[in-house]
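In the block that follows, a single chain appears as structure tokens, in the form predicted alone.
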Amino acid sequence: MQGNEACAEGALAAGLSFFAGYPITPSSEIAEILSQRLPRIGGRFIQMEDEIASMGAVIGASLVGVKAMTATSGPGFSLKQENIGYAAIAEIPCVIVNVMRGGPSTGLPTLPSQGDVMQARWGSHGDHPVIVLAPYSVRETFELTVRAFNLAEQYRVPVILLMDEIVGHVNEKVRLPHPSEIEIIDRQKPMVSPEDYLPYCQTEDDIPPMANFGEGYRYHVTGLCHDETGFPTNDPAKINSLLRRINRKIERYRDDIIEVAELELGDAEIGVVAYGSTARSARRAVIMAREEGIKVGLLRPVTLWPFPEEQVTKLADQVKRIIVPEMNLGQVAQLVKCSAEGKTKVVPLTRVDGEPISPQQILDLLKK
């Protein structure tokens, strides 16, 4: 199957029962598949009038207790940002899939890019929490789609699955796990009566229990800064408490959220940091370089946000150089440079012409 199909299958395996979206290359297969599959299992598929409405519908569906998702690409992702911020401050679990293509604007509709890394983290304004996962294979797309739903439910946060056109459209033979092997996490429900329920109360774990609309719990939801009841407030102390808590609930669990993959790092003298489809080329380049006696290893961030700073800092302590190949003008390279803290030189390898970075390009730079 192709990556987009694996994404749809992963969402269904995670318990998806509502999808709202608008077709856009190169993510349209996800919507097409779910438009056929969801009605067969009692779920709902809605093609909305645009991406703004799609994100709003996903928020509404999540509030009544169902697992909800939307899928899009660059221009549509831009339109979703205001409502992603709404989901972040209102702490509404949801999954947003962005199959990246070339930009800016209409850009390169059918060609790959990795230019939405910073937008995924900071596309919506203000200090807001978000988790971003970046698969590099069809099988991992399935796995990370399931994990995206689990993280969204566990931390009451929007989670972005940041694919790219190559991962979305590559066809690979995969073995999918049996449903009994898949871990499913659901949101924590309140243990108090509707009369005693505070939707945004301060808890020991910083994650308030979430009641479903329609089950007797009536509470206020707003994009404004709010107190524990959910109603807007201008009290500086309550605003400070809210904004610090919704960001802290991700930062304090970063060790549980962050996932990286490593290859040949044990004795590496040169490090490569790559993600998404570019990590496929990087993996092959590392194997080729090792065959020529070059001691090189690969660090692949599976979680892009929160960014794995500690892992990159550790790598910088070990190697003489770090190469960062990516299909943009160096967005992750800047993060790697900051995390390296001047301990080693960071060398970007960028490409923005709609073509993938090849293993040979990376190998040539490794030799240099």
Partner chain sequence: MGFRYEVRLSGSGGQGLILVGKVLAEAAAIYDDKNATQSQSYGPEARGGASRSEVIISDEDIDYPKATNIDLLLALTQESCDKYYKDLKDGGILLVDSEYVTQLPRGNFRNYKVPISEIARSQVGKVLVANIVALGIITELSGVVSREAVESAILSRVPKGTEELNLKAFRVGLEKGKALKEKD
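Numbering follows the first chain given and starts at 1. Since the model is a prediction, treat every value here as computed from it, not as a measurement.
We do not show the form predicted in complex with its partner chain, though everything after this point is about it.
Looking at 253-261, 172-180, 125-133, 89-97, which one sits within 4.5 Å of its partner chain in the predicted bound form if you count heavy atoms only?
The contacting stretch is 172-180.
Can you tell me whether P209 touches its partner chain? I mean in the predicted bound form, with a 4.5 angstroms heavy atom cut-off.
Because no heavy atom of P209 falls inside 4.5 Å of its partner chain in the predicted bound form, the answer is no.
With the cut-off set at 4.5 Å between non-hydrogen atoms, does I287 touch its partner chain in the predicted bound form?
Result yes; I287 sits at the interface with its partner chain in the predicted bound form.
Taking any heavy atom pair closer than or equal to 4.5 Å as contact, tell me whether E291 reaches its partner chain in the predicted bound form.
Looking in the predicted bound form, residue contacts with its partner chain include E291, since a heavy atom lies within 4.5 Å.
With the partner left out here, check for me: in the predicted bound form, does some heavy atom of T25 sit within 4.5 Å of its partner chain?
Looking in the predicted bound form, residue contacts with its partner chain include T25, since a heavy atom lies within 4.5 Å.
Sole residue of V221, L111, I185, C201 within 4.5 Å of its partner chain in the predicted bound form, by heavy atom:
None of the others qualify; the residue that does is L111.
In the predicted bound form, the residue from A20, I357, V346, L16 that sits within 4.5 Å of its partner chain by heavy atoms
Only one option qualifies, and that one is I357.
Check V319, R321 and K368: does every one of them have a heavy atom within 4.5 Å of its partner chain in the predicted bound form?
Judged in the predicted bound form, none of V319, R321 and K368 sits within 4.5 Å of its partner chain.
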